[in-house]
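Given next, in structure tokens, is a single chain: the form predicted on its own.
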């Protein structure tokens, strides 16, 4: 650290791991980071994005002033007073004319718990709408729906620091070393201590290359191989039937289905050789401590919730739940997607996953909010476009989200937003979504605000302001509170600690947490009282959070994805991220070092398919689905199997979600982003 610098401890802004480090500050600028060696998760380590995280904050593209779109269609700078008055006036006008159900609100997993709590209060108390959602709808909505039904809690069951004591690690649908690299480092230490690794993934991702067993299955066939594991485990006497009898319900119904999925049947559906399936199932079941980790390769399907049910079934049938170094562990994507879910930035819930139809819960919130929250269940974000097109939703307020890039079938959402009567976008950078906004409000970035994030293993941690925001940018919670005040609802918050205290008073899972308690180290919820240490793992001794205290088996069957390759569109397209970029790229692509590493979009294609098409690495190819076409450079690699291509959704130059199919999981309403049918055309060849 140089003379004149100071250090500010904070929590990382990228993935859900929740690493902590010190921001180096000099002359009101962030100039570097120093990892926290004492942090229980990161332990002095950071990924490349973490090391460079501070650089996007001072990018010249930052939104600095409120803007209203004028009669010529241009965004024009205005004062905060004018912008806030206009937003409040238009929202009140739409509410009077059409009712509160005509307004939808999007929160953000990049924003703090405090920002999201104020947004939730604004939506449900000030406006009176339950059309509230955020990006969990695109990543882990099926986790929340599935694990809540199976276990009574829709969150990661165990903690990151338990990984090193695991004997077997099963990773499926997670490119852990690229997307959660610090968690992957815990896994590597477990392997160095003798743990065995099973990876189930259609791609030969880096963790698959070091796995003891890699099962490469056809995209969209997860239920078949998981049922196949259960089939082997039960038939070979490897199931923990004492656990099943004493702590679960529904086993017989589940087994009636799973017994159909013999290794031969599973091989015919998934392409996994039956010998490998049997060996992996035995390895997982025979361990004393086995942990399951998954991410969006499991959840982003029309069968996403059923995929999660299947993994929960697998954990329960082996008794790998309710103990250290076991469990079902979804790796959350964005830095605060767990917190935003906890705060009920989802329809049909209140903060703390409480039921808005419960009379006592309604009275509790009414005492604080001054009005009972709506008891009806609103639209998910993936339903809002259709609701706009049919005239049900007239206005949308978006805090820190970029749905025009992140949602499937981009042309449909663009058409919907063009038809909105009123769109407010509150963000730190111009995005594809701000192009449609009637009002753009400049918010403070991470590094410029105080608050908390909740990481993937439920750890609530502090985020601290290190520098002042640029020009007239303001905190997200402040902006929303000012709009609410103009609509006649004054919350009275003066700083984020007051917001946290109010939300914790309403949420039993957070009620024992305070800023004082997490000053140096976070606490994992549930934490019901000020003297409670927090809960590193859930369902201790087989005591689940369900009404009867038992885990629930759900019978699930394999069904084909809604769109399979055919003669016209012969390839599977599966989508995801690349290690140095994040989500829609609005932050990571404004960091020079990250952009330098991967500056442009690419499409992975298997060498045999490439030879058939006459394509080499670097050639420009066109990828087309029934919804449109994008162009990008080819990357010929054995990471993908024959018949499968992979690309990311970070790049404006090749908006891959233009191609994805807009079909939803009927339970979680998450879109099918992992399987679409496409064709490949060569555009040009490098000299």
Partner chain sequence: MLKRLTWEQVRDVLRNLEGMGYTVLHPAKNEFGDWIPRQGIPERWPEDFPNYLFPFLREIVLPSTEPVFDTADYRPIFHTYGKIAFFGARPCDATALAYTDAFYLERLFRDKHYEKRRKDLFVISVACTRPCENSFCRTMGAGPFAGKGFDIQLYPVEGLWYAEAGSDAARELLRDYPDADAGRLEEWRKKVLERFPLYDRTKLRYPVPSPVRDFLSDRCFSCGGCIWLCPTCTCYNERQPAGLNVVVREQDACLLSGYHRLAKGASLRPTMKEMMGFRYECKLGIGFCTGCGRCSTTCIGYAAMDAYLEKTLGGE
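Bear in mind that the values here come from a model prediction, so they are computed numbers and not experimental data. Numbering follows the first chain given and starts at 1.
Another form, the form predicted in complex with the partner chain, is not on view; read the next lines as being about it.
- Residues within 4.5 angstroms of the partner chain in the model of the complex, judged by any non-hydrogen atom, belong to 175-183 and to none of the other stretches in 224-232, 295-303, 393-401, 175-183.
- Taken together, 246, 251 and 666 are entirely out of contact with the partner chain in the model of the complex: none brings a heavy atom within 4.5 Å.
- With a 4.5 Å cutoff on heavy atoms, residue 355 does not count as touching the partner chain in the model of the complex; it lies far away.
- With a 4.5 Å cutoff on heavy atoms, residue 9 counts as touching the partner chain in the model of the complex.
- Using a 4.5 angstroms limit between non-hydrogen atoms, residue 634 is distant from the partner chain in the model of the complex.
- Shown alone here, residue 45 lies within 4.5 Å of the partner chain in the model of the complex, counting heavy atoms only.
- A single residue from the set 642, 59, 626, 69 has any heavy atom within 4.5 angstroms of the partner chain in the model of the complex; that residue is 59.
- Here is the short version: of 597, 560, 260, 415, the single residue with a heavy atom within 4.5 Å of the partner chain in the model of the complex is 597.
- Residues 22, 24, 26, 29, 31, 33, 34, 35, 36, 37, 38, 43, 44, 45 are the ones in 20-45 with at least one heavy atom within 4.5 Å of the partner chain in the model of the complex, listed in sequence order.
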